[in-house]
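We begin with a single chain expressed as structure tokens, specifically the form predicted on its own.
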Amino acid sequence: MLIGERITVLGAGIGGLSAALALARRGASVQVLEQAEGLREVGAGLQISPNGMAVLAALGVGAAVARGAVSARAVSLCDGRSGGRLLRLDLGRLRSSHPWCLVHRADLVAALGAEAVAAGVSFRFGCRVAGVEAKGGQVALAFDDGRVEAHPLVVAADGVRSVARAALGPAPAPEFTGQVAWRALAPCDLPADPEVRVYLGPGRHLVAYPLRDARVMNLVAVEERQAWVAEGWSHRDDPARMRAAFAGFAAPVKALLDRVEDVHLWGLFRHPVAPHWSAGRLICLGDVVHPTLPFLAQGACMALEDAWTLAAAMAEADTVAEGAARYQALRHARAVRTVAAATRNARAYHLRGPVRPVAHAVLRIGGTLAPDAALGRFAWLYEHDVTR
């Protein structure tokens, strides 16, 4: 049903751009509304595991993204205090033809944006949508300047603070996890090893991996605390606070933190997966309906999978309602499972007391006796290919 269908996408992030591109490739006439003044360089690093790279390859941007990314060889869990390795997950053992890429968010957005323009997608920047109402055979978009426009079909990809989410029905208030996260970049003198390192400590952990030419490290550091911090990663903080939180970590970690000049802080909130992903001719994807904690590197990948699945379901359907129902049926259970797995990882990373050395010993022994077992537990996630 997509041939000639006029579709408006809210948000020019990864989910919105990939949805716009996937829908346009299947014959829809797509415009994207974005509140920013352009596709600006924002954010920092992303891990795009093979399930996400499968979608990028199918959209025609996989090779371009991979060229500008670092192809990760492993994920290593390390003791934060000593720096010693506890477990190494060899990513080459995954049964996928797609790489695990470490990419700057701006590079991914630029690649998707350029391909979307080439596919005929149009953009309206500086559009601040203040309200969304699905009624009858259209969707009303209210803008912050007072204008109201009627659109025949809207795909909302406007993130965790979505203005469209309310149109799906009441949502329970998000629950503060008692954790905050810093995001920063640190320059390196020499190219870093192409791997993701997760340094584990009591009540905290830090993830480090290289970007672009492997001379800059992306850092995501999480600390448990009771003080509430607002959701969203645009809040600036003093790098000294980040360094103080990880002062007890190994010298390589402290050396990276000493090079940080600019840091953002945000609170981590737990959101239930939305029970309904569409209302009338409004359909939502990504963080609008299933925000996930950043402990499996799946936020962007889940949005990519949503985008591809939505376009495929709509192309095969006779009506919007049929396509929307098919899309949610294909995605809902996987989203629930992914969100739950990320929540479990958060607990495992922050062990305290006597259970901590025992758990670390189990990791070391398990990695020696059954090196593929830990990675195999997530084969359902990383080896999945929604484009097949």
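Numbering starts at 1 and follows the sequence shown. Since the model is a prediction, treat every value here as computed from it, not as a measurement.
Keep in mind the form predicted together with a small molecule is missing from the figure; the text below concerns it.
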Pick from Glu223, Asp107, Asp287, Glu195: which residue has any heavy atom within 4.5 angstroms of the small molecule in the model of the complex? Asp287
Of the listed stretches (124-132, 70-78, 168-176, 274-282), which one has a non-hydrogen atom within 4.5 Å of the small molecule in the model of the complex? 124-132
Consider Gln35 of the chain shown here, and say whether it contacts the small molecule in the model of the complex, taking contact as heavy atoms within 4.5 Å. yes
With the partner left out here, check for me: in the model of the complex, does some heavy atom of Cys301 sit within 4.5 Å of the small molecule? yes
Would Leu206 sit within 4.5 Å of the small molecule in the model of the complex, counting heavy atoms only? no
Would Ala157 show up as a contact with the small molecule in the model of the complex if we use heavy atoms at 4.5 Å? yes
